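Encoded as structure tokens, the following chain is the form predicted alone, with no partner shown.
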């Protein structure tokens, strides 16, 4: 996916993306980082065609993103939003079956392939034994896995995740991130996600995109992008850089740059 000088404004005409250009590498986990209001989720929405850029072009699999019709795009790219809502009587299995809509013909029952993909998605996310449970009865982490299962049932090579660990406790955060890593390394998915936690981003990403005020400040391999100088510039914080043989580099925040 090639991102060429993307600009975007909502109806308020305030420019939220300011000339973003980069490339999303196939078969990698790319994480978009940045402070609140930096344009992370806005960029993800434009990359998934939920919003149209006011300037620039996105090339996806050799074709301009605007040329994709909805059904064709839904077979190539799936997205899990930060906030998703389903009816209270929705079971997990029924929710996941919605991921098969791009492949189904009107007035026809789900096929054996549909059933196979739904069962695979449920197994992949550890929800097979919860398939008949109401979505509303699940824990926050289980609900997030159910929405990811829906996206997996869509059978797309690209998966976008907007803050998949938001509002989850630390156990479920790492459970979701471990699943994301497995989907990339074992199943070959190209994953783009928005995260807030810098250490989690370094640990679970191949590449990082760091944004500030609608601009792309840095993009590259995770171990190279995060520096003391970058974090001062983007977040206004002082940090200590550490390294552990098990998890690699990580940061310890010290305080605001202006602190005495």
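Numbering follows the first chain given and starts at 1. Everything numeric in this text was worked out from a predicted model, so none of it was measured.
Keep in mind that the form predicted together with a small molecule is not shown, yet the notes after this line are about it.
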Selected contact from 200, 222, 38, 48, since only one has a non-hydrogen atom within 4.5 angstroms of the small molecule in the model of the complex: 38
Interface stretch in the model of the complex with the small molecule - options 54-62, 40-48, 200-208, 230-238, non-hydrogen atom within 4.5 Å: 40-48
Non-hydrogen atom contact residue 12 with the small molecule in the model of the complex at 4.5 angstroms: yes
